[in-house]
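The chain below stands alone, shown as structure tokens; this is the form predicted on its own.
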């Protein structure tokens, strides 16, 4: 499948050159003494908290990051390859609120977190867990990261994410991962946990993000290094300028990761969008968000790095028509542009602030459609079906042919949610709307899904570790 691109080759070069000028002439503030020490020792110009990077220095370091890597799951069947032509999906991340048809919008709890882990584990379309799928506000911040990681491995055996809320939280996540998989040395040789580090736009990295970045790099664990520049607010209103700013911030983070540990797996992350200037809010359901996704993918491909974007993201407040058309626009653009890691693949409402149970199911259906589009179709003598066409001839039909029965299961996508009945049949079944069907489906999954068993000794050791943190 060919990749869609929004920039010409010359425009990609201009964005790259402008980003290098930003890094060399303006620089970034790094609010972490350990990071400043490493940067200065390795050859960057450091003036107080401000760090300046020469073009050659930047280009030398980013070449050290791998173009592709494998993330290992507790169940080897769920290992994922990040990079190349692969695309993997994970549900929403970081929302402090949840909503469903019965209870409406409310603060997220640990039970909601566990529910979304189970839904992700049961999904055929979500390839890995998303870390803070919701923010469990009923758990103290000091142990929240540990409780979330425990729930991730207790209720699913897919790949999972760890905390990037500072160096200490990152280290504690690695300790828990080591209980599950083995020693820290084994983690470094076979990465099992990854996190998201974000720049503080414009042109800053704060203490928590830098601490986590350096810990992940030192442990040999992958990380998404990302930027969200809001055009017209925290970034230039012009999309080209906003992209150049985003690009500079991401490159600076990648450079530091490689200086800490050469060859650290990184994912180039860009989720910049625009400000709705009538009220100053972030808009991620805009076509400009989709444009930035395509341009970000082109920049990552230029650097030969895996790339991350948003997925089924929207500004809508409920899982209706607006949520659907904005989400599919962003989700499909990510796939067509060759994005490798699609975060927020299911569930997100109101500009990252809320996770919807019903929208999770609806978006998951869309992820299945996008995966089917990505697969395309084979062209060979059997699939071209000349002999069958000749046998049927003018005015015939193909419904009863062996060729049809041999291929329809692999050729056709079978939706789990979409209603394809005729009007009368749909009406006789109660004229169900998608949101109502999704409501029933998520409840059915939670009632019937049996999570994979966590070994009793590992379970016990993880709970002991969390108890010590409290």
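Positions refer to the first chain, counted from 1. Since we're looking at a predicted model, the values are computed, not measured.
Separately, the form predicted together with a further copy of the same chain exists; it is not shown, and the next lines address it.
Heavy atoms, 4.5 Å, a further copy of the same chain in the model of the complex: which of 73 to 81, 384 to 392, 123 to 131, 163 to 171 makes the cut? Say which one.
Heavy atoms within 4.5 Å of a further copy of the same chain in the model of the complex occur in 384 to 392.
Among the candidate residues 63, 50, 440, 42, which is the single one with a non-hydrogen atom no more than 4.5 Å from a further copy of the same chain in the model of the complex?
Comparing distances to a further copy of the same chain in the model of the complex, the residue within 4.5 Å is 50.
Pick from 207, 318, 109, 258: which residue has any heavy atom within 4.5 angstroms of a further copy of the same chain in the model of the complex?
The residue in contact is 318.
Can you check whether residue 428 is within 4.5 Å of a further copy of the same chain in the model of the complex, heavy atom basis?
So residue 428 does not count as contacting a further copy of the same chain.
Looking in the model of the complex, any heavy atom of residue 68 within 4.5 Å of a further copy of the same chain?
The answer is no: residue 68 has no heavy atom within 4.5 Å of a further copy of the same chain.
Should residue 114 be classed as touching a further copy of the same chain in the model of the complex when contacts are defined as heavy atoms within 4.5 Å?
Residue 114 lies outside the contact set for a further copy of the same chain.
Since only the chain is shown here, I'm wondering whether residue 241 would be in contact with a further copy of the same chain in the model of the complex (any heavy atom pair within 4.5 Å).
Looking in the model of the complex, residue contacts with a further copy of the same chain include residue 241, since a heavy atom lies within 4.5 Å.
Can you list, in sequence order, the residues from 318 to 337 that come within 4.5 Å of a further copy of the same chain in the model of the complex, counting heavy atoms only?
Result: 318, 319, 320, 321, 322, 324, 325, 326, 328, 329, 332, 333, 336.
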